[in-house]
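For reference, the chain that follows is the form predicted on its own, supplied as structure tokens.
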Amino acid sequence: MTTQTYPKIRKAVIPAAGLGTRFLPATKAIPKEMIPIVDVPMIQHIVEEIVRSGITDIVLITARHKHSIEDHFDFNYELEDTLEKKEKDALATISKSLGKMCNLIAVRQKMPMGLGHAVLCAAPVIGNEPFAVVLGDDLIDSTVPCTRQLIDIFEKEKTSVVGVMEVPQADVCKYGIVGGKMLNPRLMEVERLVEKPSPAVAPSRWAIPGRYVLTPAIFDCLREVKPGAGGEIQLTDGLQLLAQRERLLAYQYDGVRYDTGDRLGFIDATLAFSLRRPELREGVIELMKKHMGALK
């Protein structure tokens, strides 16, 4: 395996074409990614992480029912003009800032053929450059953005890297799990990737929660892997092939992860982010006390 020189990472991919069935009936008419954590849509938290990591070109893999995501990161002249005329300048500034936040490039995934296929849909826009992949279901709260942490590893090691977290042995069956050679307590050279293994055969307890920085070689790997269950192209299978062709690293990032694709995980994130808001903290604590009292 040879080390190749790559340009700086300028683009990130957000796969967001799913139906969001776990959040029905809310997602019958609203994209799951637009459901807010307090008053900020999930997708905005993801975009803010990417922008804080130094990337402003974002490839949104979308579907025909997801127009509101694109609209959210556009200017709304009527709304902003109305707010300014009513002297609600702070709200107008919030709206305008979303239009300035990033350069959003929407690409349709016309058929739901899996996460690997969604990433492959970005190939014409990414070209022959390294790029980040950030899943919208995983909110990672950290001082240094998780994506930035992975970019730093990529720039040092010049090879693909996935973010990982350590999970209980009983939970490895819920995730893609990596195994390989430890280079230091937080960094592994990946030799195996197993999608949702049983605890008895899992190669480690390091799980991938949806953060990747990848070389463009992943695209050829995804073109070559065969569809799995349901006819879907799995990103894990593409990464396994990538690990056979060039170095693939796994880095245990700093941060707290919330699975906002799960209802309890969504509630967990909502409480955590509410309690950080000075104007909401005391009220949220009182509400929690009230509901805990009602359970007695």
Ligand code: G1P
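Just count from 1 along the sequence shown to find any residue number. Quantities reported herein were computed from a predicted structural model and do not represent experimental measurements.
As for the form predicted in complex with this ligand, it is not shown, yet the points below apply to it.
Contact check for Tyr6, Arg10 and Ser53: none of the three has a heavy atom within 4.5 Å of this ligand in the predicted complex. Partner proximity in the predicted complex, defined as non-hydrogen atoms within 4.5 angstroms of this ligand, places exactly one of 203-211, 67-75, 98-106, 216-224 at the interface: 203-211. For the options Ala122, Ile153, Leu135, Met188, the residue carrying a heavy atom within 4.5 angstroms of this ligand in the predicted complex is Leu135. Checked against this ligand in the predicted complex, the candidates Glu157, Glu84, Asp141, Glu195 yield a single residue with a heavy atom inside 4.5 Å, and that residue is Glu195. By the criterion of a heavy atom within 4.5 Å, Phe131 is excluded from the residues contacting this ligand in the predicted complex. In the predicted complex, at least one heavy atom of Thr236 sits within 4.5 Å of a heavy atom of this ligand. In the predicted complex, this ligand stays beyond 4.5 Å of every heavy atom belonging to Ile126. Although the partner is absent here, Pro145 sits far enough away that none of its heavy atoms falls within 4.5 Å of this ligand in the predicted complex.
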